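Take a look at this single chain in structure tokens; it is the form predicted on its own.
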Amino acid sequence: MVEEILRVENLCKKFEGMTVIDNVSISFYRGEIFTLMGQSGVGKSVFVRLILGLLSPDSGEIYFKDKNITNSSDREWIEIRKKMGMLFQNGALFDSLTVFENVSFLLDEHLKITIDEKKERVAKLLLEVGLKDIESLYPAELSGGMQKRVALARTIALNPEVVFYDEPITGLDPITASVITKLVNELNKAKKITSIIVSHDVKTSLSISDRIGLLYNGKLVAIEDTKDVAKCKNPYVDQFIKGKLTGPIKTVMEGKWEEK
């Protein structure tokens, strides 16, 4: 039986009168990899920030394991976010802290454990992302791919049930991107994490995801199982996946907007 872990209902958000998230409803299931796709500026990051409680919706509701968390207090959100990790696009490591201090940051914030327990846990987390014996290094001493893996180790430090990935392979070379993609997939399966990825990378998204969603002008215009995408008749999906200039999605041609 498929278990729903996260659900949003009729979510709406405006900024200065402009609708960014427009009546979006969707459920996410335990252990699945879901990729939210769409052009830049269509509201993907805002959608994630709403779910994480970093922004408040104008209307609509957010449920985590059937509990309405929409209007949770700041204290309640702290507890909720322990169960939701976030891997930022640039990793967001603290430059002035060592790898050990970066990975143990959440452990220090939320757990009471001894230094030996912390060392053991950090070493295990680093091994889970394919790294070893780098605890004393600083982010500037690491490659981009290693920085992303350290950030991932920090993200899973509290054993979250849901992890959000913001463009996890942007700026990485193809081989390193494959390493990160493989890690996301392995962690998802091993820990039964629900992974929600924001990405523009069509090829990778189709190869790793169980489902994809397409956001356009604030609306969720499609949700598809990746195995069905090839025969999908949704014109938005067809245009986006194939990179067509013609279709319902607006394109920029010769410096001005045109709707095909």
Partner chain sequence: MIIVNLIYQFFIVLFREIGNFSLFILETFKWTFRRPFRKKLFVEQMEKIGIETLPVALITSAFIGMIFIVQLYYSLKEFSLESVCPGSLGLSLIRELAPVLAGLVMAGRVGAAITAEIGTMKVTDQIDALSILGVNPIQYLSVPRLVTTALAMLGIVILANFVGLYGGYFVGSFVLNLNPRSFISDALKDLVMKDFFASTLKGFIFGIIIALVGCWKGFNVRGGSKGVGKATMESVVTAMILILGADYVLNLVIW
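Residue numbers count along the first chain shown, from 1. Rigid core: the largest C-alpha set superposing within 1.5 Å between the two forms. This structure is a prediction, so every number in the text was calculated from the model and none was measured.
One more form of this protein, predicted in complex with its partner chain, exists but is not displayed; see below.
Complete contact of Arg81, Asn90 and Arg154 with its partner chain in the model of the complex (any heavy atom, 4.5 Å): All three within 4.5 Å in the model of the complex.
Its partner chain in the model of the complex: contacting segment from 141 to 149, 82 to 90, 128 to 136, 173 to 181, heavy atom within 4.5 Å: Correct option: 82 to 90.
Single option in Ile223, Ile208, Val46, Leu52 placed near its partner chain in the model of the complex, where near means a heavy atom within 4.5 Å: Checking each option against its partner chain in the model of the complex, the one that comes within 4.5 Å is Leu52.
4.5 Å heavy atom contact, His110 and its partner chain in the model of the complex: Flag for His110 set to yes.
4.5 Å heavy atom contact, Leu187 and its partner chain in the model of the complex: No, no contact at 4.5 Å.
Its partner chain contact at Ala123 in the model of the complex, heavy atom, 4.5 Å: Result no; Ala123 lies far from its partner chain in the model of the complex.
Partner proximity in the model of the complex: Asp116 to its partner chain, non-hydrogen atom cutoff 4.5 Å: No, Asp116 is distant from the partner.
Partner contacts in the model of the complex for 101 to 119 (non-hydrogen atom within 4.5 angstroms of its partner chain): Heavy-atom contacts to its partner chain in the model of the complex: Glu101, Phe105, Leu106, Glu109, His110.
Core-aligned C-alpha movement of Ala140 between the shown form and the other one, 2 Å or more: Yes; that C-alpha moves by at least 2 Å between the shown form and the other one.
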